[in-house]
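As structure tokens, one chain now follows by itself in the form predicted alone.
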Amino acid sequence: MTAAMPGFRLVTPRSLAEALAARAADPLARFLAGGTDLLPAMARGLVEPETLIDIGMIAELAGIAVDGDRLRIGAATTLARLQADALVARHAPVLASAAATVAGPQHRTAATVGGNLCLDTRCVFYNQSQWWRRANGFCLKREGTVCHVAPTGTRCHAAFSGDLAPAAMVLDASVEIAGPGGRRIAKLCELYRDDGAAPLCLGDEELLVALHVPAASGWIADYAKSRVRGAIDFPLAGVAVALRRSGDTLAGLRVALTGTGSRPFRLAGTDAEIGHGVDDAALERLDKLVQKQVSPMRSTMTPAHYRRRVAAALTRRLVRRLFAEAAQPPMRGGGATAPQSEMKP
């Protein structure tokens, strides 16, 4: 049973400066965009802000545009817009492919790019009602002292389950962040830390402003995920792959994963496959590489070893398929990123 939504004060700034000032004035305030993750968390008593700062009316945070040799995607852009946008389809369709897998169509009309990138970590012991968590002694992530996933450990193992992060990581994307000290650009990988209780490397008063995606000449990419149901559910494991092909060999390979740990991450060691073909031996090496670096915990109802094997299987399938597609003429459609030239509006 979920409790009624607690009361809160709503602030509606019209500029980024106003939003940051409102946050600085109330240390317990939270930024609100689509609210598809935050509002259910408030109803369950997982967060209790007295003030919500609605950033949905700030023009600078919305929209998609080509900016020089990169695609700039505002953090308040909805996933529905990302999924359908012509510029995304032309320059980074893997992002549209990943967005299409998030929740359901109604959720995507409200959910935002920044919200999915900054999604709170999830766990079967955490995302429950207040009375359920109280009956189990709460947990390390909220009000408790023990991680029920790893009771002898000292950190929270709740899993990050956003779908956009790995798709953007294989495109070598960066994020634009604003705060009291001004603006900064960081690699998307640097936004996350391996801690389920505090997964984001953002200052208390900082806000994600935009996602920057560089031009990706010659790369082809796609995203796939496994989940309990074919829609709505968060990933048990999600994998994005980007590769370049030169003749019969790989000229570049990037793999990123989500849903299997407290942060999304780029798989290390894939450069060793450059100069090799994609045969059974190469796929077996990638399988072992994934299983070595993926360490799911029992933060879902699905066994951890299953999620590890699924992550490896998704990687093999994507690499095999994309390598074959890279030998074909450029395609404009589906989830793959066709070989690209310089970005132009």
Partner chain sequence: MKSILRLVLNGRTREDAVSDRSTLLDYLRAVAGLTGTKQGCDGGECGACTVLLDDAPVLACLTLARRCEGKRVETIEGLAPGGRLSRLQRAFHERLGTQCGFCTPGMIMASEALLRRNRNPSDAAIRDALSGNLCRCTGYVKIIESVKTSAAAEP
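Numbering follows the first chain given and starts at 1. Just so we're clear, the structure is a prediction, and the values are computed from it rather than from any experiment.
Just so you know, the form predicted in complex with the partner chain exists too; it's not on screen, but the next bit is about it.
J.: Just one stretch in 49-57, 22-30, 273-281, 63-71 has heavy atoms within 4.5 Å of the partner chain in the predicted complex, so which one is it?
T.: Going by heavy atoms within 4.5 Å, the stretch is 49-57.
J.: Only one of A251, V146, A231, A186 gets a heavy atom within 4.5 Å of the partner chain in the predicted complex. Which one?
T.: Looking at the other structure, the residue within range turns out to be A231.
J.: Of these, G269, P180, G104, G153, which has a heavy atom no more than 4.5 Å from the partner chain in the predicted complex?
T.: Contact check passes for G104.
J.: Is the gap between Q293 and the partner chain in the predicted complex 4.5 Å or less for some heavy atom pair?
T.: Close contact is absent here: in the predicted complex, Q293 is far from the partner chain, nothing within 4.5 Å, heavy atoms only.
J.: Taking 4.5 angstroms as the cut-off for heavy atoms, does L10 touch the partner chain in the predicted complex?
T.: Yes, L10 is a contact residue.
J.: Decide whether T109 counts as a contact residue for the partner chain in the predicted complex under a heavy atom distance cut-off of 4.5 Å.
T.: So T109 counts as contacting the partner chain.
J.: Can you work out whether G45 and the partner chain are in contact in the predicted complex, taking contact to mean some heavy atom pair no more than 4.5 Å apart?
T.: The answer is no: G45 has no heavy atom within 4.5 Å of the partner chain.
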